[in-house]
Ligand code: GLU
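Single chain ahead, by itself, as structure tokens, in the form predicted alone.
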């Protein structure tokens, strides 16, 4: 797993290095590109209710999608001028650097390692690492997973915190939360360790599982951008939207509409 993460980071850094501009070339400005295009392209998850999912009509929904629409309205004047691209925890950074999306709004928490290869907006929500188990599980705390098997989703911050707290845990990784949840239900591991907001969404839809009460970290969610001067103006514009929508209470209303505390 560690080798896979290092390989992904290495590929992203190669992309970063390959994106360098010669002195005589004009600097790319992502905000100008978006403005001229007239459309914001955003990577969002579809398997992390209530932050990113498809609604009953097949439309992109959730807190992250709602934030993207507010950003589109703030930058382009309409919340309809946004195109969504599905991403997972494992592929979201690659889709950003491949140019498939302008930004990622996909339960992405700020970490020192990620800040080496990504730029971030101000935080728009703070989550925490938690544990989801079957309802009849004897597991009561993170440390009870010692000698057991725990599920993580590739590309998340869960593996690092899990190995630190429980060195003897067996870790099973999956690409999506849908796969991870099915594995827990099928008895392939004893728990899922991930952000509480994501696990809460899973537990709300299925009473055969339960979310343990303790939180083991603070995970500030933020909008992620390609690292570099070309993102500077775009980050300022996004931060301005986040500040305005926080101050006027719209972000809180969106959270409450999805049952997010």
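Being a predicted model, the structure only gives us computed values, none of them experimental. Positions refer to the first chain, counted from 1.
Keep in mind that the form predicted in complex with this ligand is missing from the display, and what follows is about it.
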task = Note which of 225, 221, 60, 63 lies within 4.5 Å of this ligand in the predicted complex, where distance is taken over heavy atoms; exactly one does.
result = 221
request  = Would you mind picking the one in 106, 180, 71, 131 that has a heavy atom within 4.5 Å of this ligand in the predicted complex?
outcome  = 106
query = Can any non-hydrogen atom of residue 169 be found within 4.5 angstroms of this ligand in the predicted complex?
reply = no
ask   = Do residue 44 and this ligand come within 4.5 Å of each other in the predicted complex, heavy atoms counted?
value = no
query = Taking heavy atoms only, is residue 199 within 4.5 angstroms of this ligand in the predicted complex?
reply = no
key: in the predicted complex, residue 121 touching this ligand (heavy atom, 4.5 Å)   = no
query = Which one, 135-143, 180-188, 154-162, 75-83, holds residues whose non-hydrogen atoms are within 4.5 Å of this ligand in the predicted complex?
reply = 154-162
inquiry  = 89, 114 and 195 - do all three of these have some heavy atom no more than 4.5 Å from this ligand in the predicted complex?
reply    = yes
